[in-house]
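In the form predicted on its own, a lone chain appears below as structure tokens.
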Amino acid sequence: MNFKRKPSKAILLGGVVALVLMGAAAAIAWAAGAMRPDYQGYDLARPWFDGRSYPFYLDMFNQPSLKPQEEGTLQEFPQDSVPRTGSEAFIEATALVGGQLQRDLEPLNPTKATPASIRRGRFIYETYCSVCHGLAGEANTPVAQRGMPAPPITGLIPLLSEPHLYNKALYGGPLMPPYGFQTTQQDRWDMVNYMKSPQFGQGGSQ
């Protein structure tokens, strides 16, 4: 006995209509992509809008600015760039005040060590610092195991001043990269509050 059934005309017609609609949608998407006024397929020598060439890119990433981990300073901004939040007074690594390093004395912490600040500082620490120094500050991380000289810091934290920790995050060190571009002032002070709190060194996330 033959149980095979021929597909009905309605099913065949529905399949044809679906294919036509899919083809039309693909054509519309292709046309829309081809007309997008951005850097994809864009020739700066032959701009599409008014025939004139302009000295900027349309993707808003390639502009006068310092990218994360890009070489530069916190004081000398690229020409024609506009800082949104101003800049901090730069402290030279060797600057002394009364025989002590200025980076160990200034700036003073303006943020109270509230539970919210400590909780947020823990998040910042785990985001940027724990990769090398570890969640508990013991530097038992794959990065350190593969040769990065990231020292254990759990025992050092009580000996270091709040300005020292803040400036270390801001300026980095001989081998540690600076995180002044990735973090805000508030980020760094919250992180200092966490590192100086009893919660530091316990590891894990709250």
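In this text, rigid core is short for the largest set of C-alphas that superpose within 1.5 Å between two forms. Since the model is a prediction, treat every value here as computed from it, not as a measurement. One rule holds for the numbers: they count along the sequence shown, beginning at 1.
In what follows, reference is made to the form predicted in complex with heme C (HEC), a form of this protein that is not presented.
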- prompt: Using a 4.5 Å heavy atom cut-off, are 91, 96 and 108 all in contact with heme C (HEC) in the predicted bound form?
  reply: no
field: Touches heme C (HEC) in the predicted bound form: residue 133 (any heavy atom, 4.5 Å)
entry: yes
query: Could you tell me if residue 129 has a non-hydrogen atom within 4.5 Å of heme C (HEC) in the predicted bound form?
result: yes
message: in the predicted bound form, is there a heavy atom of heme C (HEC) that lies within 4.5 Å of any heavy atom of residue 174, even though the partner is absent here?
response: yes
message: My question is simply whether residue 149 lines the interface with heme C (HEC) in the predicted bound form - judged by any non-hydrogen atom within 4.5 Å.
response: yes
- prompt: Who in 149 to 166 is close to heme C (HEC) in the predicted bound form, meaning a heavy atom within 4.5 Å?
  reply: 149, 150, 151, 153, 156, 157, 160, 164, 165
- request: Align on the rigid core first; then say whether the Cα of residue 122 has moved by at least 2 Å between this form and the one not shown.
  value: no
query: Taking the rigid core as the frame, does residue 103 move its C-alpha by 2 Å or more between this form and the one not shown?
result: yes
